[in-house]
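Quick setup: one chain, the form predicted alone, written in structure tokens, and binding and motion questions come after.
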Amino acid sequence: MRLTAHIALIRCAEPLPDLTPEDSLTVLDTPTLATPAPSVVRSARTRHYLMCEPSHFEVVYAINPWMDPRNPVDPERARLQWEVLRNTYLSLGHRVDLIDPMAGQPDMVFAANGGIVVGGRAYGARFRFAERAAEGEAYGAWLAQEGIAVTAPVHTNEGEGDFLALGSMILAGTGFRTSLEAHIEAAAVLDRPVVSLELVDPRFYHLDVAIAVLDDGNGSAPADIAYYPGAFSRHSQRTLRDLFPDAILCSEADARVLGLNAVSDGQHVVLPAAATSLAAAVRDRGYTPVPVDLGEFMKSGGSVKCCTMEMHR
């Protein structure tokens, strides 16, 4: 009953109160914490991903706190890191499709931002910044060619950057890149309840750098997440505690290396190699951490999940 009440409340059209970063709870930089592993058997489920080669990836503008054009990308190193990520998915038995990169779109490598796909329906992206505007149409066109019903958005949103799909709901971020109106629009397009969560720390400007979905709840195990409390306003922290009382709490140190920008198939959790405490916590929870180095992509504020759009069943 509590879960239903929360979703019904958050789906309403009333605006959330204006809050500032000071309204969030004080979170000490303690080690990443995990409750004892539940008595469930972790099992992988074959996934379908979309990625974009980093042919044009570079940092030539600054639209988030991570980006600094004075800190250039090493193109060869970036390509190698991206190839390792792609081959990791393939080695785990997953399908990886590729969209052609577009010249002049250096952030197109971050495929997660191109939309959200659930059950054969897609809600397209409408980027906040003009620098990325062309990506939305490109990803929408690719999805349509694959036979997916794509709804072009009216409201600003950045795809899976701010929409994380679970079996029973979609967690949706707002505060920096995605509007509350887009949450309502996504709920209608995807026919799923949407839980709105307010981000208050500009370092964690997308939901997918503040929450990692460890199990989407579509298999035999219940939905399971890890998150960094300090990224969220007070009321959103309360919502997460109520919905996921056994969630792994990520430390600021692990969050700062984008440890939560992870991809899981229900057993294997592919995550940034620098997030060592988070890796230990997910292992204690019964998952198999698969660390990868995507340090070049951190220069643009992205990592594993940012590079990966999932075609959710």
Ligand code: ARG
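What you see is a predicted model, and the numbers here were worked out from it, not measured in a lab. All residue numbers refer to positions in the sequence shown, first residue = 1.
What follows is about the form predicted together with arginine, which we do not show.
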query: Full three-residue contact with arginine in the model of the complex, heavy atom 4.5 Å, for D224, Q267 and R285; finding: no
query: Region of this chain that lies against arginine in the model of the complex, out of 58 to 66, 268 to 276, 45 to 53, 249 to 257 [heavy atom, 4.5 Å]; finding: 58 to 66
query: Exercise: L171 in contact with arginine in the model of the complex, heavy atom 4.5 Å; finding: no
query: Proximity of D215 to arginine in the model of the complex, heavy atoms at 4.5 Å; finding: no
query: 4.5 Å heavy atom contact, N113 to arginine in the model of the complex; finding: yes
query: Heavy atom of V209 within 4.5 Å of arginine in the model of the complex; finding: yes
query: Answer option from H183, R192, H94, R132, heavy atom within 4.5 Å of arginine in the model of the complex; finding: R132
query: Partner-contacting position among Y89, Y205, W142, W82 - heavy atom within 4.5 Å of arginine in the model of the complex; finding: Y205
query: Arginine in the model of the complex - contacting residues of 295 to 311, heavy atom within 4.5 Å; finding: S300, G301, G302, C306
